[in-house]
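We begin with a single chain expressed as structure tokens, specifically the form predicted alone.
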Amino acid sequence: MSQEEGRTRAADDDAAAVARSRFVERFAGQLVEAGMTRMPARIFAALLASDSGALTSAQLGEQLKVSPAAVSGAVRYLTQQHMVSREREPGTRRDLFRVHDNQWYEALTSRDSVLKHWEDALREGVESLGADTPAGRRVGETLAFFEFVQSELGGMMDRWREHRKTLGLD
């Protein structure tokens, strides 16, 4: 490779890194506006934007200019939310954090049990507040909404799996 080709390749790599960084910060900002805390949003966006979909703690820290503690806390949150998984980097003792290829499906599927718990708590709320009181009616409407979401979620996930096939993603 000539020096000129090397300079061109380095400039292209720099431009790609800047574009990736802009995407990460913009998408993370959107996730924060939707209610996710900032550091998990940045970590998630960085993993999503990486070519491999997986990075080590050190790589995440370097890319985002954050401490290992910040990465650790954010990754803990993301794994609890089933948005990323932790695995060992082959041949090392380092952890590799990976965003799932079909991660939105995985995250929503894991919410199924959360919705069921919410429904149970809301049902108890309606009973304890009284279905005919203003508070009981409000809680009842919330319960009805989550029951509706729960009943639709399975069918929606089935339709998504079929749609993925039409996109050539399976």
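We call the rigid core whatever largest set of C-alpha positions still superposes within 1.5 Å between the two forms. Worth saying up front: this structure is predicted, and the values here are computed from it rather than measured. From 1 onward, residues are counted along the sequence shown.
Below: the form predicted in complex with a further copy of the same chain, not depicted.
In the predicted complex, at least one heavy atom of E141 sits within 4.5 Å of a heavy atom of a further copy of the same chain. With a 4.5 Å cutoff on heavy atoms, E152 counts as touching a further copy of the same chain in the predicted complex.
Proximity of Q30 to a further copy of the same chain in the predicted complex: non-hydrogen atoms within 4.5 Å are present.
Not displayed here, a further copy of the same chain is approached by P134 to within 4.5 Å at the level of heavy atoms in the predicted complex. Taking a 4.5 Å heavy atom cutoff to a further copy of the same chain in the predicted complex, the contacting residues in 19-46 are A19, R20, R22, F23, R26, F27, Q30, L31, A34, G35. In this overlay on the rigid core, L47 has a C-alpha that sits less than 2 Å away from its partner position between the shown form and the other one. Compared with the form shown here, the Cα atoms of F23 and Q103 move at least 3 Å farther apart in the predicted complex.
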